[in-house]
Ligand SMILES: Cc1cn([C@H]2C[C@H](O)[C@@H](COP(=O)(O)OP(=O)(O)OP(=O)(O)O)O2)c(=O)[nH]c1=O
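This document opens with one chain alone, in C-alpha cells, the form predicted alone.
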Amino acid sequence: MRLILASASPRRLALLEQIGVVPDAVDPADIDETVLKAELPAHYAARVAAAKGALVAARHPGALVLSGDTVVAAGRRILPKAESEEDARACLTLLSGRRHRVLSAITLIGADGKARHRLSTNIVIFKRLERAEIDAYLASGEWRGKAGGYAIQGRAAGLIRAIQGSHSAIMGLPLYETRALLRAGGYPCD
C-alpha cells in the first residue's frame, strides 16, 4: 500500500518518521488557502486539509494520501503564516502574555477514495514578551513562513509558558491522531 504525503513541510515528514512512517512519495498540494468570509479557524483548517488531500489523491489513484493544515488562532481570528518581519512582529505582539489555540487538521484519503478527518485543538500560552525578546526572535529568521509567526520546535520554545494538548500537533502534525487514521486506513504503523 503506497502512502503519499501531500505536504511540502519538512517538519511533517520528520514527525512521521518519529513514529516509523516513511511515505513512498511527497507530493505537495498547491491550493488557494484564502480564508473565506466569516470562516472560523477549525472549519478553515479542516477545509484546507481536505482540499489538499483531494487534489493529491486525484494524482495518485489507489494510494493512501495524508494531508494536513495547522492554524494559529487568537479568538476567532486566524493568524497568517508570517511572510514579513512586520507580520511576525504583529503576531508575536498579539500573542504576548496570552493564550491562543493551535488547530491541526489532518485528512487521510484511502485507496477506496474514502476520506477520514481528525482535528487536534491545542492551547499555547506565551510569556509576556519584552520588545528585546521579540527583536531577538525576529533576528533569528525562524518565524519565516510559520503560522502565527513562531516555531515551537525552535527558539520560541523558550518563550512559551505552557501548552495544553499535543506538542507534535503544534509543530504541524498530531501524531496520535495521524497514527490512528493510518491504522484505520489499513496502513501498517506498529
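The shown structure was predicted, so the numbers you read here are calculated from the model rather than taken from an experiment. Counting begins at 1, following the sequence as shown.
Form predicted together with the named molecule: not shown, discussed below.
Listed residues G141, G62, G145, G158 were compared with the named molecule in the predicted complex; G145 is the one with a heavy atom within 4.5 Å.
Contact here is defined as any heavy atom lying within 4.5 Å of the named molecule in the predicted complex, and by that definition each of R12, T70 and M171 is a contact residue. Stretch 146-154 is the contacting one of 34-42, 146-154, 127-135, 54-62, since its residues have non-hydrogen atoms within 4.5 Å of the named molecule in the predicted complex. Shown alone here, K81 lies within 4.5 Å of the named molecule in the predicted complex, counting heavy atoms only.
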